[in-house]
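Just so you know, structure 1 and structure 2 below are the same protein chain in two forms, each on its own as structure tokens.
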Structure 1
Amino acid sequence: MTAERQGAGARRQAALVPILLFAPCVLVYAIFFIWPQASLLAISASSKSGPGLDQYARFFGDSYYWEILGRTLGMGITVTVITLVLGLPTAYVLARSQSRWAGLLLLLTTFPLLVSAVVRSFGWMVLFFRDGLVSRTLLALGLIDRPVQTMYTMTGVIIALAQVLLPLMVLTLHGVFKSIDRDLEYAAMSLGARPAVALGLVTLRLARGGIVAGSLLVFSLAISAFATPSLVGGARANVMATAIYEQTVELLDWPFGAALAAILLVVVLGLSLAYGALIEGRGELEAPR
């Protein structure tokens, strides 16, 4: 009986260990993550006279804000397409190359991720001004007949933002391609498929899940980016993130800023739930590792 009681005590003690291990993380998240985000939602759903959806009515009732939302989503889609067009071939070449440079190139891909988005956007600003490299190259190529200003335009924001997010796309797709057995491609070719067909029918098809997952990731990061649109786009490129900043820091209209933030949050959360469902629903092969 003593043994039994001792056993129960030891078991109770053992059950305490995971609770103690989780406690700091749960506490930090509860105080600095869940609570602030919950009160943000609460504030966004308040009007001067108590709870109400006034802020949301203001947003959805004004075509100006619809325009901002549309511009943001359009920017997200364009950026995603650019990163896909460049990211797919790059990730494929890096995954299939047997050169010893492939590892180094992959490392070089991660490098921009380690440099602050502020610094990278700054580099683009130098290139985008009227007498910058972009304008002069286009002039030299005869594509334009007088200098253009890419700075403070939506085009500039998209070019810069796609560069900021491209490494994430390449890394995601690289993992997916690596996990696809190259023997499958050989098998398709041995059955008579031309390389391009084998690539389309086998590799891209198997990578479909990873491609969608990478696209959702880039899209949600693009529509929530702040530093690049604010620096490269200025006032001209008004997107959700810059509008939130303007409402809160500059106009001090925190309830409305909170409502804008909540709308952005819902879009991103919806996308990430889709992303999660996608990874859950498909085999491991297609999920990025």
Structure 2
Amino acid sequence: MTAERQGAGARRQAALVPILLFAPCVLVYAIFFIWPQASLLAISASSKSGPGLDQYARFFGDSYYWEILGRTLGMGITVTVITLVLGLPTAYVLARSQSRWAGLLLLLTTFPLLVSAVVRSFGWMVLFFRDGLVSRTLLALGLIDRPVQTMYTMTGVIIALAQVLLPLMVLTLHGVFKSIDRDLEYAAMSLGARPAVALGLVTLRLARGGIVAGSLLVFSLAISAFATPSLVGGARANVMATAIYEQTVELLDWPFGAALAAILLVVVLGLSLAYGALIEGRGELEAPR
């Protein structure tokens, strides 16, 4: 009996070890993620008449806020596409480069991350004004016949955000391309595939997970960005982040601001899950059987 009890006690202790090791992670996750989100939802459900969904009814019943949400999602998708188109070839070239300067080039590519987004936004403000460098350059090239101001427009916000978030896309894709054995491309070319076909059929398929991760990272940061849209876009380029700031800080309407944040969170999670499932589903359909 003593041996059986000792064995049972040892099994219980062994079963407790994973729980004890996992407990700090669960605690941190609960404190820094679950509790703030639960508090956000609780605030959004409050109103003068008591708990309810009045704040959400206010949002869904006003086309103005639907327009802000659509503008925000359109901005995020556009910025993601731009950074993916520019970052994918850049990351591939840097990852495949055999030059001793490849590390320096990668450092220069990601160097903007060392500068605050606010500082970079102020730099774009100087360029985008009517008498800024962009307008004067276009005039000198004869592409326009009068000064143009990109400041306080969605075009300026998208350009500035793409520049701010491009290094993140490059870093994500660079690590993925580095982990893919180049001999796989050579094997495809030895079987008759052209280099471009080998790149598309082998490397890009293997890098699908990194493309999804980089796209979701850039998209989530773009639609939640506040400094760049508020400085470069101003009141004419109102997005969800600036609307939340306006409701909470300027108007002190915390319940409605919390409702806007909760709606943005749900929409982003839904789109991210759908995008990831779509890419993974296409990968399974395209996989050889």
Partner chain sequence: MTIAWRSPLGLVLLLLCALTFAYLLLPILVVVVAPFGATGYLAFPPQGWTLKWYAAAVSDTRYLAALLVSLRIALASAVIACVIGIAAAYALTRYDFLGRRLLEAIFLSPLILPTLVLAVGLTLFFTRTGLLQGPWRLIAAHVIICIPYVLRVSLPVLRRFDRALEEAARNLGASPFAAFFLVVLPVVRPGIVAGTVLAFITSFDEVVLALFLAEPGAPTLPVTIYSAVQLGFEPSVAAISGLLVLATFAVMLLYHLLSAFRRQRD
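Start at 1 and count along the sequence of structure 1; that gives the residue numbers used here. Keep in mind it's a predicted model, so treat the numbers as computed, not measured. Throughout, rigid core stands for the largest set of C-alpha atoms superposing within 1.5 Å between the two forms.
Here the form predicted together with the partner chain appears as structure 1, and structure 2 shows the other form of the same chain. Comparing the forms between structures 1 and 2 on their rigid core, the Cα displacement of Trp66 stays under 2 Å. In a rigid-core overlay of the protein, Ser190 has its C-alpha displaced by under 2 Å between structures 1 and 2.
Superposition of the core reveals a Cα shift of less than 2 Å for Phe226 between structures 1 and 2.
Core-aligned Cα shift between structures 1 and 2 at Ala30: this is 6.0 Å.
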